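The chain below stands alone and is given as structure tokens, in the form predicted on its own.
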């Protein structure tokens, strides 16, 4: 029980990362085969036997890894394409035909499995030049021509980054994957010791050696290639074919100057609008899964970061935008007409314009900033505080002070892991808003189950016979190691599910305010922390004064109530992440109590209330 509870959070995160890592290796194989096949086969005959054997091996590996991908509605089609690719390699089909099929496979996997294909932060080419000298020059040569001192005798030889034909066929994401994964059977090893940012920096650096363009084309920031997702996932040849000479110039410039995409940081509202535009474009092309993912990202990675800022100025507008974006996701999932989706996005954009004007004309005052900082911590921390304080009071009341270390271990570990998760998200890899909400949603559902278990366990001690048996049975035996670890796991889950999100919300609030406002962020945080300390003290002081039976009853009911709250919040988080569809109903909303106007959350809460009343009544008889 303790292992399931304590490590579930890590399992969810690691599962998501494992899928991404396996998919990344698969994409690398596909990219490598698409580029290198031309060096193995020409006009239906093998021109390099060793290279051709490698292509056969890679095509078989691609089909095998496709079979290992999670099931979805397009997996069968992917497997058919994988089988076709293997057959075409055996049949020595033309290189252009192979390249076309690998491009299709590559783009489909990225869109369907929502693979992260962009750097989370600006690549640093000056730093990359130093990294290249340290890690790459010995094989690829000082200038990147594949003639380094260690290259002698290598088979296959190191890549010549100045090879214009190869340059035309390689994506930046493909280069990043090769640096990350290495290439089996060659001298190219995986550079796992480098950070995500360093590997992306190297990818941009070597991806710009063949052709440099230091002259900034006109209107580059409004060109389609100025979208980082497009820039990193199409080849220079594709850029020229799709966007002409201008596209080729923009591609070469942005590969050499990625800072151009990071100079002007996109505001959360502009980010939201861009994702909505991308979502509609995908929907028009009947890529409904991608459209849905982009709509989810528009909310979680854009709007949600300033949601509380807008709420401080106009709470109804905040709710209206959130409801409109939920309606959009529902329309996409139910395959509504293109006009209906278009009209819904237009409605959202109008509301976003109102929000943008509000934020501009009424930039957060000191009072609003203070209130935002205060309520972020109070709202996110209150449930966790109630649980931890109640568990501590329980152990104090039952004179099991030796068990306090389990509770403290749980919540202190949660804070540390939460801070480390945030640090990793800005330093090592990108954690999407959807991943954040899925983690929070699953944690809330798990917490609901554990809270119900602990609540029933405590309520069970309120009957006279059970209470006497509990007292007579020796506390040390009644509170076994498994029970203590269960309480520790509950302490961990309750705090971790709030810690990471609280940090992100404060980060967003910080960048939305000036120096004066940032001082109020500290004030709001400290005040909210003080309130939470007082609440915890009150719980401790007055609950331990209750007779033991009454204490169990009060604490048990508190656990039940919190379980109902967590159930509502868990469903809402999974709906925001796009895992569950939301069915809005005409009902009131109370965020603090986990009450939201959607059918699934309210239905689950109602079922849990009925179940709790039934079981409690049964135990009372």
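Numbering follows the first chain given and starts at 1. Bear in mind that the values here come from a model prediction, so they are computed numbers and not experimental data.
Omitted from view is the form predicted together with a small molecule, to which the following refers.
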Taking 4.5 angstroms as the cut-off for heavy atoms, does residue 95 touch the small molecule in the model of the complex? no
Does the 4.5 Å heavy atom contact test between residue 444 and the small molecule in the model of the complex come out positive? no
Spell out, yes or no, whether the shortest heavy atom distance between residue 52 and the small molecule in the model of the complex is within 4.5 Å. no
So in the model of the complex, does any heavy atom of residue 221 sit within 4.5 Å of the small molecule? no
For the spot marked by 394, 553 and 559, is every residue within 4.5 Å of the small molecule in the model of the complex through some heavy atom? no
Answer with one of 414, 125, 109, 188: the residue that has a non-hydrogen atom within 4.5 Å of the small molecule in the model of the complex. 188
Identify, from the list 161, 280, 374, 271, the residue with a heavy atom within 4.5 Å of the small molecule in the model of the complex. 161
Per-stretch contact check against the small molecule in the model of the complex, the hit in 288-296, 134-142, 303-311, 399-407 (non-hydrogen atom, 4.5 angstroms): 134-142
